[in-house]
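So this first bit is one chain, no partners, the form predicted on its own, shown in structure tokens.
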Amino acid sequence: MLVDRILSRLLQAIPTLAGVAVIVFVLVRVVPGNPIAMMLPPGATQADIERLKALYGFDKSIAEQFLIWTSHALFGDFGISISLRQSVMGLVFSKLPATLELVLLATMVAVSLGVSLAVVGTRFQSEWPEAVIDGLTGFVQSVPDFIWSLALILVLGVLFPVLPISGRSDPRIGLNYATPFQLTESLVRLDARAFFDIFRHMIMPALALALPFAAIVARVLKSSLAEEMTQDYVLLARVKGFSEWRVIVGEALRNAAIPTVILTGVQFTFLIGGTVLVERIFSYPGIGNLAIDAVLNRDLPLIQGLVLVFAVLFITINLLLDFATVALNPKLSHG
């Protein structure tokens, strides 16, 4: 049954990816702006223009361009970046690990903060700590991540310069790792100096992404916990003499976690998109920063490759989220 479910989801993903490819391919070609004009040096002739159009296939109709691009994309060739003159997939996969590590760190921080606030708020329900937590989460959620980025830079980078405000690592360390997953590889290698340097560079952008996310997690989980605390099994646990903390964490939290798991998966995909501005502000070398450069330079092959990678990530995360939800609530597998 699990295999059938996986196959069904994968089959549903095919038309989704095809639709994304068609829409993006057409849209980036009909919006104003000429990528060829941005590549031409001063004094370029009409012959130079025609040569570049032929080189990148812009001398053909959109339908012909799409068929040619698709025939190559099916074999993993998404073309050459116009602005960087490198393979699109090579560029994307060299930047993607940095973004994934940043988003995973932000997710761990957000879930840890959100769950802690929700549990404390539930424990002190109808008391002043709950009011403080509700007010705090409401304020934090209302401030977008790029504003948190600027605030963190001002406080931790300027007023109290304790953290670096740009880049992914100190170039003086001279990392020579086998993979672009620098934080993970430094941990595996037990390279403490490199690990803490990379981690210090990631703290502020991760916090900027995590704070609004943590507020959402806290509010949703606290609401679910409040509902679970009225159930019969909670009353039975109290009758057995369990402490209030044990009732919340040991009994109610697992059942209340299902909406939070779903929310976390959805927000994780939003975080990947949200890295665009945050990475730009912190000069963090991920796909968000790469996406802004691609749009500014009208780099059509790179834009198409990035959007498709985003689409694959979203579909994969939603697939994993579906299985995680079933694992937490096996009754759903019979639906």
Partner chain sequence: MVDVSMPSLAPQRRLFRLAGNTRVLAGGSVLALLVLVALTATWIAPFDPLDQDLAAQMQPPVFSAGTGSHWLGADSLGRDLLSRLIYGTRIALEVAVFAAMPTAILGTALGLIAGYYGGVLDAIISRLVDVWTSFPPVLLSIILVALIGTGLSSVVIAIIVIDWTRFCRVIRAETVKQRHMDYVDAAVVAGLRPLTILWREIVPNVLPLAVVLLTLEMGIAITVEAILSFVGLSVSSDTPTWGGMIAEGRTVVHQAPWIMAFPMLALLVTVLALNMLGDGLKAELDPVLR
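Being a predicted model, the structure only gives us computed values, none of them experimental. Numbering follows the first chain given and starts at 1.
Keep in mind that the form predicted in complex with its partner chain is not shown, yet the notes after this line are about it.
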For the chain seen here without its partner, which of 106 to 114, 205 to 213, 226 to 234, 142 to 150 has a heavy atom within 4.5 Å of its partner chain in the predicted complex?
142 to 150
The listed residue (Ile292, Leu52, Ala44, Ile68) that reaches within 4.5 Å of its partner chain in the predicted complex by any heavy atom is Ile292
Though its partner chain is not shown, can you say which of Thr184, Ser166, Ser83, Asn255 has a heavy atom within 4.5 Å of it in the predicted complex?
Ser166
Answer with yes or no whether Tyr56 is in contact with its partner chain in the predicted complex, where contact means some heavy atom within 4.5 Å.
no
How about Leu296: is it within 4.5 Å of its partner chain in the predicted complex, going by heavy atoms?
yes
Exercise: Gly157 in contact with its partner chain in the predicted complex, heavy atom 4.5 Å
yes
Given that its partner chain is not shown alongside this chain, does Gly273 nevertheless sit within 4.5 Å of it in the predicted complex, heavy atom to heavy atom?
yes
Does each of Phe199, Arg200 and Thr264 have at least one heavy atom within 4.5 Å of its partner chain in the predicted complex?
no
Let me know which residues along 179 to 215 have a heavy atom within 4.5 Å of its partner chain in the predicted complex, or say none if there are none.
none
